[in-house]
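In structure tokens, the next block holds one chain alone, the form predicted alone.
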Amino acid sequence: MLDYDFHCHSNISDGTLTPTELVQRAAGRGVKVLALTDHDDVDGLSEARAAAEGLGMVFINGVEVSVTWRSHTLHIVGLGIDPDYPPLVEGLHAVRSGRGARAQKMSDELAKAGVGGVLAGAYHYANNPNMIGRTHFARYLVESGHCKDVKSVFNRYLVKGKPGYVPHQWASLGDAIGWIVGAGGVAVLAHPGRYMVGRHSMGKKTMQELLAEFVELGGQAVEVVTGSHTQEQYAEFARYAEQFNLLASCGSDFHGPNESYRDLGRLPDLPIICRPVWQSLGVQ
């Protein structure tokens, strides 16, 4: 089992734990090397680093950038970044700035579907109001009895084709990779298996085209072992990593207790053909 976790979220974005609580939970579950990768925001990194250093953990600065590519929303994780790199700071601010308007539209669309008054409830769950997003809506809809859990809310209301889904133009793939690489980081395609399931998924041909463009633009790694992947997908994306000469990353994509695909740490080993991303981060 791996004691590295390079993908998780605090309440600076859409996690439920503070950066300190997140690090403490990771340490308690045997994680030795942790990256905090909040969505489009780096404000939790200094607090998380201080907590990690106090517990003897290695801490990696991270972020997860929201990207629009063709008709798909993707996430690009940046590992080992300088969070003060001006183009990254400015780019993330631009990405965040559209969230409030999108939240209002989501609330309006849900009201049309007979689910009214959810905007204030969603903001109640957003510790950082600038990061209001679908997960905050989902938590409120669970609390108010519309669905049994967050996953059910997404399936019923918040994914493409459902009444509360509002499309949004995020960063371009080139910009996101450019910010990360410019900040001294490694750009990682996050949970690629998620882009290949569901009604609006991309097929294998499109995934090949995405990976080719990702590499051409400076992307360096792909998540192989991640919370939402199956064992078959570990092997599938290990093969893609080999084909495109990409490093392999791993991470739980933890958001909170009882609300994630899996808990922090204790991830399965990477397939043997993989070159681990931590080799490029100076971590042994």
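In case it trips you up, residue 1 is the first one in the sequence shown, and so on. Since the model is a prediction, treat every value here as computed from it, not as a measurement.
What comes next is about the form predicted in complex with a small molecule, which is not displayed.
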**OP:** Give a yes or no for residue 154: in the predicted bound form, does one of its heavy atoms lie within 4.5 Å of a heavy atom belonging to the small molecule?
**Re:** yes
Original post:
Is residue 80 one of the residues lying within 4.5 Å of the small molecule in the predicted bound form, judged by heavy atom distances?
Top reply: no
Subject >> Exercise: residue 96 in contact with the small molecule in the predicted bound form, heavy atom 4.5 Å >> reply: no
Subject >> 4.5 Å heavy atom contact, residue 159 to the small molecule in the predicted bound form >> reply: yes
Original post:
Out of 109 to 117, 81 to 89, 173 to 181, 126 to 134, where are the residues with a heavy atom within 4.5 Å of the small molecule in the predicted bound form?
Top reply: 126 to 134
